[in-house]
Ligand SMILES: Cc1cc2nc3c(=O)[nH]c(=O)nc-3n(C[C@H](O)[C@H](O)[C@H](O)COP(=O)(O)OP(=O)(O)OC[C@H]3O[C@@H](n4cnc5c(N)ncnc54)[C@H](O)[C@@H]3O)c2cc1C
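To begin, one chain is listed below as structure tokens, in the form predicted alone.
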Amino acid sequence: MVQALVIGGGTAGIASAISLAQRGIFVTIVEKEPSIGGRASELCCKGEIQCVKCDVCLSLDRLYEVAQSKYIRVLTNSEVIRVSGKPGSYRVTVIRKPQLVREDACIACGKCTSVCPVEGSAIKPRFSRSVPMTYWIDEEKCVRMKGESCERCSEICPTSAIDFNARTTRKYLNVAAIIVANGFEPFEASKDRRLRYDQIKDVITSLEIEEMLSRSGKLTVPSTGLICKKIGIIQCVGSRDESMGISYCSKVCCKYSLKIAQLIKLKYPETEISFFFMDWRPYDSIDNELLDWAKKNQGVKIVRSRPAEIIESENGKPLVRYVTLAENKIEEEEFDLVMLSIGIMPPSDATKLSTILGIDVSPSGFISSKDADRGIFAAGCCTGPKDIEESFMEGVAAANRVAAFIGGSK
């Protein structure tokens, strides 16, 4: 049977795998995390009443297609460490980290979670819609992995799925073509010292707000647990910033920040929201959408400015200090919560993978997709910033190229 390899189980990787499977091409997805779904798994649906085309479901709704397909195999907690051979006949070495919870035995009954002594539990599904729906152990939280004596989860497991003695294994794959779809890394907000992300508790990232809304459906102030009444949203954190060595635009931040704000306003009409931005660059929406929305909603303010810094006010709240373009003077405003709209960075393993596969990396650190003649293709955010829909479409396009390459190499 003709086989292909997809490196990465995020939006683009899922799209590639499904498209190849539909053609009768057997696919192995190698995913470094405990489950597939990628960053989209961490995002919340923005349409409480009707669909607002945030695209989150475009990826997540297809997870079960992957799980049910007889043509797709998923290797989680795994990493490609070597590729040899020639186009049309590659030999791939995959290393798989210890499977402390066996996928073939775990029935996701939840008994282990109920007895775990760690607050919040160190053993649980990675996400509510994880695929495979296998519980995993957070080794940084698990007291057993820290050297303490604890076997509670193992003792109560009805299928003996937990194996603390599991070891790293290796698998060898023979594939005709490879798709690289290893996603991206969110910008580390702590690197921008001006914004004091790691110093002021109520300064959090857009991804953390997505996770909060997805998990609980509520937007609360971290320091108090109270519903947020006034929020500041700062755009271009880790994008278009030469001081950070990042000159490119992350493309999708405007779109997703606006949809988050609209969801917040829908859930909490009294909440005041202020947008701070240099330029409004929506990727696939109307240029004046933010302005029109602000005009229609009381308590929404837009500020054309890149804040100079965030400090802690006398009340212990985030205080945004900025200069207005119109009046060219320093302003200060206090918020219950400040959201940093963080940008898209190249995948952490881009350089390593490029060496293994013999492919190029752009000056910005993203993976190049110029090896079609070798049967190696790239799709999704690993090649540069893009939203969920574009990533999905690139995944399908990469599958088309693989199918054409395999057909031509027979």
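Residue indices: 1-based, along the sequence shown. Note that the structure is a prediction, hence the values are computed from the model and not measured.
Below: the form predicted together with the ligand, not depicted.
Contact check for residue 4: every heavy atom lies farther than 4.5 Å from the ligand in the predicted complex.
Looking at residue 399, you'd find every heavy atom of it more than 4.5 angstroms from the ligand in the predicted complex. In the predicted complex, residue 112 stays away from the ligand, with no heavy atom inside 4.5 Å. Contact check for residue 255: a heavy atom falls within 4.5 Å of the ligand in the predicted complex. Listed residues 121, 271, 206, 274 were compared with the ligand in the predicted complex; 206 is the one with a heavy atom within 4.5 Å. Across the options 149 to 157, 183 to 191, 306 to 314, 324 to 332, residues that bring heavy atoms within 4.5 Å of the ligand in the predicted complex belong to 183 to 191. Annotation for 45 to 84: interface residues with the ligand in the predicted complex are 46, 54, 55, 56, 78, 79 [heavy atom within 4.5 Å].
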